[in-house]
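Given as structure tokens, the chain that follows is alone and in the form predicted on its own.
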């Protein structure tokens, strides 16, 4: 396959934006340091009724799905041999790298006895029949795989051509793992809700169909994030917009989205759960917000001409990201019915940590694309 030239953007690292991002990340770091010494109760609203809060629901479940851009593009380029999408590989992989790495770190934040995290990887403590064990091991392995997949960027920057050439001979193995591992753990995140049984509201308790729904939306979110990232980079770094390739990508996204909505609605009808969507409740309101976020992109991207408009591509990507966010937040928090007397809303420190992690991810992305050959050279414009 032909190489697609990439180059560092260059430019200043110290700007008002990066200073703000660094400050938000620093606040999160201080809160986490306090949490590690004083426990979860000091900074969260977790309880026996809600042992999982925003750090699991967003930072891990949502965050890993939003980090599926590298997975989705790898499927296209390396499995379905769609080489025209190769220029998107490095930027998609970089976003996935940070998203998954921070999602993996977030699990440690949410462990009461965080110093025992090594038990996950010690054979004597392994629980091979546990869905959570499979998710933890797969995500950890995928993080290592992505760093190896991304290592040619570092080798290229350092001018280590021989090392890069030797790595390319075995890279296919890691690329294959990079497709298998997300397929496993993204579907298993849906399996977690299967285990919860009747504690999950009928609008989101799709039973053994949940792994399929979570896997389909993970790929959808991967496509959406790639489009969002390309649009943000073209604006933030004053680059030309890659409209043609993104329009083709949105065509694939359109048909996968249509299939997802058919499966989602059919499941509700066949289970007799659709009536819950018309009840006067918070769950019903959140369900319709979720479905609207998924359905509107079908209207916005219904024709080739519409998919060639950057504004529609961007809005559709944002809506899909919102839909995937709501699907997972609704399933793990809003639709979690733990019993009377239990309530949960994130404490301010919980929200600040989540915001800080997002800020750190964006800051790291800016640093990497300015100093490493990640984005296609051809798309660069005057800064």
Partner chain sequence: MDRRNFLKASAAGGGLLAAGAGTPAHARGNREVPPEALGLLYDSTLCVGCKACVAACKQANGMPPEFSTEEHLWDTPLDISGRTLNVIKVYRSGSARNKDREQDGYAFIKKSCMHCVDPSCISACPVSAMQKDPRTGVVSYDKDACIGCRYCVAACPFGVPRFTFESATPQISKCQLCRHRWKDGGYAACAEVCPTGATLYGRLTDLKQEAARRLAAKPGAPMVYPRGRLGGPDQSYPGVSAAYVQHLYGEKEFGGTQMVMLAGVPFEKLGYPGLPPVSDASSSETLQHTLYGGLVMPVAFLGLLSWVARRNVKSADDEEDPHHG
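Numbering follows the first chain given and starts at 1. Model, not experiment: these values are computed from the prediction.
Form predicted together with the partner chain: not shown, discussed below.
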Practice problem: Evaluate residue 278 for contact with the partner chain in the predicted bound form, applying a 4.5 angstroms cut-off between non-hydrogen atoms, and reply yes or no. | Solution: no
Exercise. Answer with yes or no whether residue 255 is in contact with the partner chain in the predicted bound form, where contact means some heavy atom within 4.5 Å.
Key: no
Quiz item: Is residue 201 one of the residues lying within 4.5 Å of the partner chain in the predicted bound form, judged by heavy atom distances?
Solution: no
Practice problem: Look up in the predicted bound form whether residue 188 has a non-hydrogen atom within 4.5 angstroms of the partner chain, and give yes or no. | Solution: yes
Quiz item: Heavy atoms within 4.5 Å of the partner chain in the predicted bound form: which of the stretches 257-265, 127-135, 294-302, 92-100 has them?
Solution: 127-135
Practice problem: Counting non-hydrogen atoms within 4.5 angstroms of the partner chain in the predicted bound form, say which of 245, 148, 163, 179 makes the cut. | Solution: 179
Quiz item: If you check 289, 158, 269, 111 against the partner chain in the predicted bound form, which one has a heavy atom within 4.5 Å?
Solution: 111
Exercise. Between 68-95 and the partner chain in the predicted bound form, list the residues on our side with a heavy atom within 4.5 Å.
Key: 77, 78, 79, 80, 81, 82, 86, 90
